[in-house]
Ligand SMILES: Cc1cc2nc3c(=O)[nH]c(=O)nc-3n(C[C@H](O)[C@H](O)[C@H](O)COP(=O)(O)OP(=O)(O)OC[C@H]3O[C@@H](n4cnc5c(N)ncnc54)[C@H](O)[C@@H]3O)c2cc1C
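Just the one chain here, laid out as structure tokens, in the form predicted alone.
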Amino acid sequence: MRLAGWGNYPRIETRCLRARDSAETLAAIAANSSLIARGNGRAYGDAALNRQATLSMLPSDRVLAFDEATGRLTCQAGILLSDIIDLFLPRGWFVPVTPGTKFVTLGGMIAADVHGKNHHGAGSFGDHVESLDLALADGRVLRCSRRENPALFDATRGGMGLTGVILAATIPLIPVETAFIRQETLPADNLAATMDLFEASQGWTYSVAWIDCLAGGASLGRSLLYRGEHALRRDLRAQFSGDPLHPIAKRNHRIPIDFPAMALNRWTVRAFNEIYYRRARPGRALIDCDSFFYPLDAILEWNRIYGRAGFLQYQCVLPKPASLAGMTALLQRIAASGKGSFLAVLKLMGRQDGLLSFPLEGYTLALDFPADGQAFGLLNELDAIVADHGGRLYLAKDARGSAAMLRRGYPRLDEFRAIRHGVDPGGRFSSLQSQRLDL
């Protein structure tokens, strides 16, 4: 069948296999000399694509154990984050770290070592994984944690599925009193002001900013910063008089067709950015968890906005001392190109020590561009700016980076390669991305 990542670029023909349990997973591994595991296909580029065989873990979606007293949860790797939330938020539990979509699998979150709006305080998802079961190329299944097979555990979190197939994992959930977030919206006139707000907001659990990529001059990097806390029962106003753990269900909308390529251009993006910035309501509000964490999930198949050619998401992180200068250079180049992204997100990150984990202590910027020739040229220029400022790219979003860029950005790459070779000397677990980047 024809498969792609969430960016719809690249698209390939592959045999798509399915695994309901460890036995079917091990059988698929034994029967194929090359394959890669795939969750819900929300990696944007080619990280979960293999031309010979792509193994879908979606049927492996069962809850295996849950401790009501501690919140410790064990699930098969194919369970969706949305299912975990639907099952356990009504009981007063939430995940310690969540990415910007809930339509991802547990195994995918570990393989990409996803991060969220609370990285500056809570770290990445892998920091909270207590253990995982990993199917290896030789048919063994190993329990991996910080005590058992710790090197393999470190290589698997953020390892993009290249050490083996994650079968199940145990994570701790965190207690919450409501399904709402106490949010504060703060406008910032430029990039420096935005970063000042981030630094002043480090006491908040969650923070994120929307950036206007096409604003220039004194308004370069103008933004809306959102910071939030899990609302307590006493925070809820009268209109939330129902069950505080059951917000009113919202209707999702669906993009029914691929938009024409001309729909997204500098004029439509500039108009959207201006309206979005002007219509913001500074101040405090109570909003449901979905609206705070997953605003785009309300628009099913929103990736079709970019048309049949697909799009490229570009996410980089720069160390904090170089963040203002580096982000300024990036935004100046993007504004000059006229190819602004209306989905542009800035976050503050904390310390990270993973082998291939993306975060650095600094700032990360995520952008979307239509997958056309101009975008590829622009992103090559952005790569040079990121590299010159000591940054790196996020593998879960990447569809076109170079092996040289990877090596410059990930100083522990050789350590990862040695661990991977030790458990998979024949390179059975392989993706288009790993081949492109010589992982």
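Residue positions are given as counts along the sequence shown, with the first one as 1. From a predicted model like this one, the values you see are computed outputs, not experimental measurements.
Just so you know, the form predicted in complex with the named molecule exists too; it's not on screen, but the next bit is about it.
**Q** Is there a heavy atom of Gly228 no more than 4.5 Å from a heavy atom of the named molecule in the model of the complex?
**A** The answer is no: Gly228 has no heavy atom within 4.5 Å of the named molecule.
**Q** Does Leu296 make contact with the named molecule in the model of the complex, using a 4.5 Å heavy atom cut-off?
**A** Looking in the model of the complex, residue contacts with the named molecule include Leu296, since a heavy atom lies within 4.5 Å.
**Q** Can you tell me if Ala399 lies within 4.5 angstroms of the named molecule in the model of the complex, counting non-hydrogen atoms only?
**A** No, Ala399 is distant from the partner.
**Q** Using a 4.5 angstroms cut-off on non-hydrogen atoms, would Thr101 count as touching the named molecule in the model of the complex?
**A** Because a heavy atom of Thr101 falls inside 4.5 Å of the named molecule in the model of the complex, the answer is yes.
**Q** Check, residue by residue, if Phe198, Leu214 and Ser323 all come within 4.5 Å of the named molecule in the model of the complex, counting heavy atoms only.
**A** Negative, none of the three is within 4.5 Å.
**Q** Hey, of 373 to 381, 64 to 72, 406 to 414, 43 to 51, which bit sits against the named molecule in the model of the complex at 4.5 Å between non-hydrogen atoms?
**A** Stretch with heavy atoms near the partner: 43 to 51.
**Q** Given a 4.5 Å distance limit between heavy atoms, list every residue of 143 to 163 close to the named molecule in the model of the complex, or none if there are none.
**A** The stretch 143 to 163, when checked against the named molecule in the model of the complex, contributes Met160, Gly161 at the 4.5 Å heavy-atom cut-off.
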